[in-house]
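The chain below stands alone and is given as structure tokens, in the form predicted on its own.
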Amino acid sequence: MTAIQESIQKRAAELLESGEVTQVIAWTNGRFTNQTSPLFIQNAADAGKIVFNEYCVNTLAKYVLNEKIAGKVGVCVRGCEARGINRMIADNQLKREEVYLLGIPCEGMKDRETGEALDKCLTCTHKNPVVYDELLGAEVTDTVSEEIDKVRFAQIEAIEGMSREERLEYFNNVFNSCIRCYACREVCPVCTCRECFVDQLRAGWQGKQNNLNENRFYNLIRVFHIGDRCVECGECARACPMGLPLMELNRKWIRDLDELFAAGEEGLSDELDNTLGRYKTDDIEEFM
């Protein structure tokens, strides 16, 4: 990955020096060799701090909103970031002309603790960015979707094979472990409400107690909110300090929406197409 790293550093410096962008969002080294963290630079002289290696696990898309400043922002995008950027544009959170996308082909990242392939990368269907202004490196081969679907939906099928009592116990254990830190919300590129329902004290949708009912309410409502917009970046599960299988809930929605409404994958373009927010006369309606 050294060649790509050098290309990112070179282009970041050039873009900042020319004034074409006012900030570049990339990655930099952490304290240890298996750690990186998001990097935000506004001076060309800092471009040398940029790194790109197998431990760049943070997906950068949401930081474009969180760290937004005046002027065009340059951001490194792999398949996951690119889909997130597209979705944010579709949701009117960004304008395409506000970002300069440095496309990076990616064959997957490694878990910082185990050194094994990162879970979210095992189910990646787009190893090349789906949108970019320039591509830094040669494209890599995408995984055939039929093969990857076996991994994407394996756990869902296992859960669906449980009895009602077994499923209840399984999800009670999951939601009991939630500490409601909201890390999943903060890193999600499609969690972009200016005020989250859990913070609406006057409406009182969500209590502050940390118990099974409150935790279940938060997690299920969040899934409803992002169900037809999830780009499968896997950041929610990666960032969860309790290791909750949050993508299982998302993928249940993704698979069902695809089977019922041919929803397909989100974030492949920046055009708005909310499956749950549109009406079509040819929708499947066997349940009626």
Partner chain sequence: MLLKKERLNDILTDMAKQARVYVPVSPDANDGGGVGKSGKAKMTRFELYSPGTAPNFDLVNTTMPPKDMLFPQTQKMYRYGFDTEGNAYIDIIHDSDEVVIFGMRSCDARSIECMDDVFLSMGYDDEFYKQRREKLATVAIGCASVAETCFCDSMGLDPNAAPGADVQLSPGVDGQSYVVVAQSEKGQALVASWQPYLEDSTAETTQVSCALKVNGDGLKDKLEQMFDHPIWEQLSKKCLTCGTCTYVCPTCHCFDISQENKMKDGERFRCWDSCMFSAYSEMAGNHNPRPTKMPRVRQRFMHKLCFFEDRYGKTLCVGCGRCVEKCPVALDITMLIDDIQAADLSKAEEVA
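Positions refer to the first chain, counted from 1. Predicted, not measured: the structure shown is a model, and the values here were computed from it.
One more form of this protein exists, namely the form predicted together with its partner chain; it is left out here, but the text below deals with it.
Though the partner is left out of this view, Arg164 does not reach within 4.5 Å of its partner chain in the predicted bound form, counting heavy atoms only. In the predicted bound form, its partner chain lies farther than 4.5 Å from every heavy atom of Phe261. Although the partner is absent from this view, Asn58 contacts its partner chain in the predicted bound form, with a non-hydrogen atom inside 4.5 angstroms. Not displayed here, its partner chain is approached by Pro38 to within 4.5 Å at the level of heavy atoms in the predicted bound form. The candidate stretches are 182-190, 94-102, 123-131, 76-84, and the one lying within 4.5 Å of its partner chain in the predicted bound form by heavy atoms is 182-190. This chain lacks the partner; the member of Leu244, Ala44, Val51, Leu257 within 4.5 angstroms of its partner chain in the predicted bound form by a non-hydrogen atom is Leu244. Each of Val174, Glu214 and Arg238 is positioned with at least one heavy atom within 4.5 Å of its partner chain in the predicted bound form.
Of the residues in 45-66, those that come within 4.5 Å of its partner chain in the predicted bound form through at least one heavy atom are, in sequence order, Asn58, Tyr63, Asn66.
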